[in-house]
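Here you get one chain, nothing else, as structure tokens; it is the form predicted alone.
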């Protein structure tokens, strides 16, 4: 296999040799050549005769994969009277340690203000702090003629997806008419609508009634949010998207009845997509029901479900009815933040840490158990989010011309998940004490080695905003 390189000036050339390259569709022995920020060639092992590298990584016995893409994070997000504990510096450094090299965070429009103001606020949070590349979805809280007009400017800027909530009345909730108008506009612009699909109006009644009965412990967060509320919201989101002729992406799907709605829509050929999160594959209502106030650590929305529902979510991943595993990373410390809800589950800040542990968990609990293949692992953690959110082929694959976001992965490396061993800025781990096998040994972001055998080599602020393309699937 011949290969030629054109090197300009003193561009750094890196060779990752003797590894097994794994993409969403292929697995093969190969050497990966990086120049500057790009992958420039793939060659048979040792075949690039006469070529030299400034730096060589020997990946013998390891896998070489595209860096992970987490398409659902909430860094530095105000919520429930506090703010998520990871900012764009700590959160992106933690992500990189876990093998994730790009994330898409959510900028929030404050009710009554413009989309522009919300987006500029999030640019300010990320610039000078993010250690890996990032993009933004825009959360709509106030859909009106002015904000609908703003959408086209944001899309031109590379913010090509918008999120709306059927939950949290009075805070983030938008009604069906607003959702429908935004979907129509997104259709015309080639943008993608992401939906938090739960019937928030009915859920508020159930929560109020639970508290009135004295049911205030963390487990009632789940028991007052039944899966039918998520199924109804999912069905309604899909119906509105079908009427609007727009694609739709259901975020953080947690339960079988909601999944059934997505399956039915996809079977009819609708452009319906959905993600789930590791917490719905590996944690359950049993964790919310832990003794004392421990369950508060596991409060997220949608809530953790009964353990027997996990297999349905795995099946959805296996059959591609669920396309992506993101994290909904929104951490709050147990002390001082989760404790705000000691007297009522309704006051516990909703969210859990996950940006660093996603790939560990999916490899150990998915690939090593035979639930998913290595190629499917790459697809759900990197390639599918890259394609759905307008980043492919620059992100999400190992190919000449792609950004050199590359992870060298040791499939057998043991890693202890603990607040002491992880890098997220939070005072607990939902998986405290759990040992997993499979971890990144080297992580490259745009050709720069930023993690080497657990050592952080990158720097804050090196991450760039990624201008995403419009929806094209």
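Since we're looking at a predicted model, the values are computed, not measured. Numbering follows the first chain given and starts at 1.
Not pictured, yet referred to below: the form predicted together with dihydropyrimidine-2,4(1H,3H)-dione.
The closest non-hydrogen atom of residue 147 lies beyond 4.5 Å of dihydropyrimidine-2,4(1H,3H)-dione in the predicted complex.
For residue 185, no non-hydrogen atom is located within 4.5 Å of dihydropyrimidine-2,4(1H,3H)-dione in the predicted complex, even though that partner is not displayed.
dihydropyrimidine-2,4(1H,3H)-dione is not shown here, but in the predicted complex it comes within 4.5 Å of a heavy atom of residue 300. The closest non-hydrogen atom of residue 356 lies beyond 4.5 Å of dihydropyrimidine-2,4(1H,3H)-dione in the predicted complex. The partner is not drawn, yet in the predicted complex one stretch among 255-263, 348-356, 122-130, 313-321 has residues with heavy atoms inside 4.5 Å of dihydropyrimidine-2,4(1H,3H)-dione: 348-356. Proximity to dihydropyrimidine-2,4(1H,3H)-dione in the predicted complex, defined as a heavy atom within 4.5 Å, singles out one entry of 165, 282, 363, 392, which is 165.
Proximity to dihydropyrimidine-2,4(1H,3H)-dione in the predicted complex, taken as a non-hydrogen atom within 4.5 angstroms, holds for one residue of 240, 104, 330, 210, which is 330. Taking dihydropyrimidine-2,4(1H,3H)-dione as it sits in the predicted complex, the stretch 64-85 comes within 4.5 angstroms of it through a non-hydrogen atom at 74, 77, 79.
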